[in-house]
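This document starts with one chain, in the form predicted on its own, laid out as structure tokens.
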């Protein structure tokens, strides 16, 4: 599709608004996407992932649906539900100092709280897919935590999809010393057997001493495409723990950009990807140590069966004045089939002297010696294989220190293995 065609499609689909700053922001994003279009495999960051399957769905915007959402994953959670990208339910009686609502409703009722933050992270501003999200997004969630607020209940966000293309735009603003746990759950409806597109963006601003735990579960339908971008800025002593579980979608990409901007900031990124058939999952990470005295950790592990294709692209950048940092990265993948494929590309770009950095990647097969040992102890082959697969990813799952959320993740992983 040419730039002129993109411009025409965008002109028809960019949401109208009476807010001048929002109109300018959307139009600027539309212009940026029209000038570049979708990245192809000549772009280094996309060399392993082909976006041709999503072209036909970019402007097939979903109109929403009436749904009966499934039960919550977590008991006593503060839960928002979106159906085809539009808010359909939200919790009452929020704790003091917590604002949790839909993006569209926030823009209509109190847009001032978003100005300067919405699409404010420079690292993703010019990227094509976040720009397209910024131009076309109609809803998403807004979580604002006042300084010092500690939310005891988990916050669960369900994005239920059935058709078309949705562009969730999510924003988390955590004040100084605030604490919360957020679960983003992307799920296809039971009655949907076709193709749809999700292109989501979540921006996180963590002020001094804030502590956030974010968990993302991707269970979109097998024929669909799921593109997700997470961008964060952390001030001094802020902590972010992020865990991604990728199970669904035929084409999935999880892109993360983190900027550690204050001394003592700490980011831990971990994830598990379980793929079969012809699924494709690309995890792309850029960790930027802007100042000294910051720490980061990455641990991604996957299991690939049949003709599945996994990708890990992790990069740690250390700026010239970022002395005394630690940045570690690990990617491990288990191949269950000789037709499965894994591309792993860990990178370090270090411009400072006093640093501790490491990266590693391993790709291997199921341990036949271990399997034989379990079989000789009377364990059936299917159960023995599942035990070895569980042992392979249990260390990464161990980064989840919330018992209830860990229980949900364990159950989902067990279901995949049992199948």
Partner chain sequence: MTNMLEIKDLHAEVGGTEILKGLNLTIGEGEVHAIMGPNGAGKSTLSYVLSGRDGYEVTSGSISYRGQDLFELAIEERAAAGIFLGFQYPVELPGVSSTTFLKTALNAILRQRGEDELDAMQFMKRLRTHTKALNISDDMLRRGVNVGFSGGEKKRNEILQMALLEPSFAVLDETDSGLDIDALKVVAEGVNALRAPDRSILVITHYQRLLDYIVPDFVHVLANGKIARSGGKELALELEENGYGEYASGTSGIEAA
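Owing to the predicted nature of the structure, the values given are computational and were not obtained by experimental measurement. Positions refer to the first chain, counted from 1.
The same protein also exists as the form predicted in complex with the partner chain; that form is not shown, yet it is the one meant from here on.
- This chain lacks the partner; the member of 350, 56, 43, 387 within 4.5 angstroms of the partner chain in the model of the complex by a non-hydrogen atom is 387.
- Screening 371-379, 33-41, 46-54, 357-365 for residues having heavy atoms within 4.5 Å of the partner chain in the model of the complex returns a single hit, 371-379.
- Shown alone here, residue 383 lies within 4.5 Å of the partner chain in the model of the complex, counting heavy atoms only.
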